[in-house]
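The chain that follows stands alone, in the form predicted on its own, written as structure tokens.
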């Protein structure tokens, strides 16, 4: 099997190289992202391995199919960047549903702790021998109400972390967990009652811009918002206005809805055209990291092993399709997965 890897960085190559050699998988690493401009590079490959900002549109899928590509292997959990409807019947799509939920949940709390206690500001001051404490006052987490949107594996781990700080946890999910001790409330109630709101849900038509001017209007003055999931969950213009209106007190972002051409790249020598991101970065109460929540040694190892396992199972025609995704998954009475088979 020959696999083309796109949007690869040094840490991707380090985590995959030994495994693919052991399994006799021939690979070629491309630094560029997979999109309509680069899809021509896939000619002669059996599969492609992609990441969160590769754009797998209908046009790209048609080209992949014409080039003989049989499968798309996502080295991530999210698949909102793949047109699953266009892929069905042509190209199989596999993902890594749980590489390290701890990594993402821990990063979400790290962002909030850093911002709340002004650790990043204190670090810079001390390096300049400025030992003043003015402007570094934070808030206790104990007793505060945190609203968690999305109670999958990452959301539940984040809930446990919050409980460890003595926080009161409320949650919202389109599909609440049965027989759990999670205190589910309506979405409006979560917005109204939370001191801190953390997003841990996938990006779907139902969750796109779940944080917007209307939801912000319901929130407490000084609310903190954390997003380590997908940038499109937040309407960035509305978020920025909420900060300017002094309604939102703290923002911690590891994702941004227009991050595709920015995150994972060194843009330090370039002029930034995205005025919304520029303003967010300039805000003293906004802390942004560039989609690094997943980036732990354990997560990279799990991503590599699961992705390679997906490749081997697919090309050896094993029926196990646990990690295959398609637009029908979970919605059809006669879904192929229920018969322990590939989706088509």
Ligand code: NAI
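Not measured: the values here are computed from a predicted model. Positions refer to the first chain, counted from 1.
There is another form of this protein, the form predicted in complex with the named molecule, and it is not shown here; the text below is about that form.
*Asks:* Which one of these stretches, 128-136, 114-122, 236-244, 149-157, sits within 4.5 Å of the named molecule in the predicted bound form when only heavy atoms are counted?
*Replies:* Among the listed stretches, the partner-contacting one is 149-157.
*Asks:* Decide whether residue 262 counts as a contact residue for the named molecule in the predicted bound form under a heavy atom distance cut-off of 4.5 Å.
*Replies:* Result no; residue 262 lies far from the named molecule in the predicted bound form.
*Asks:* Contact with the named molecule in the predicted bound form for residue 182, defined as at least one heavy atom pair within 4.5 Å: yes or no?
*Replies:* Answer no; every heavy atom of residue 182 is more than 4.5 Å from the named molecule in the predicted bound form.
*Asks:* Report yes if any heavy atom of residue 92 sits within 4.5 Å of a heavy atom of the named molecule in the predicted bound form; otherwise report no.
*Replies:* No - in the predicted bound form, heavy atoms of residue 92 and the named molecule never come within 4.5 Å of each other.
*Asks:* Report yes if any heavy atom of residue 174 sits within 4.5 Å of a heavy atom of the named molecule in the predicted bound form; otherwise report no.
*Replies:* So residue 174 counts as contacting the named molecule.
*Asks:* Check, residue by residue, if 54, 82 and 232 all come within 4.5 Å of the named molecule in the predicted bound form, counting heavy atoms only.
*Replies:* Checking in the predicted bound form: none of 54, 82 and 232 is within 4.5 Å of the named molecule.
*Asks:* Considering 252, 197, 87, 104, which brings a non-hydrogen atom within 4.5 Å of the named molecule in the predicted bound form?
*Replies:* Here the answer is residue option 104.
*Asks:* Any residue of 264-297 with a heavy atom within 4.5 Å of the named molecule in the predicted bound form counts; write them all down in order.
*Replies:* In sequence order, 291, 293, 294 come within 4.5 Å of the partner.
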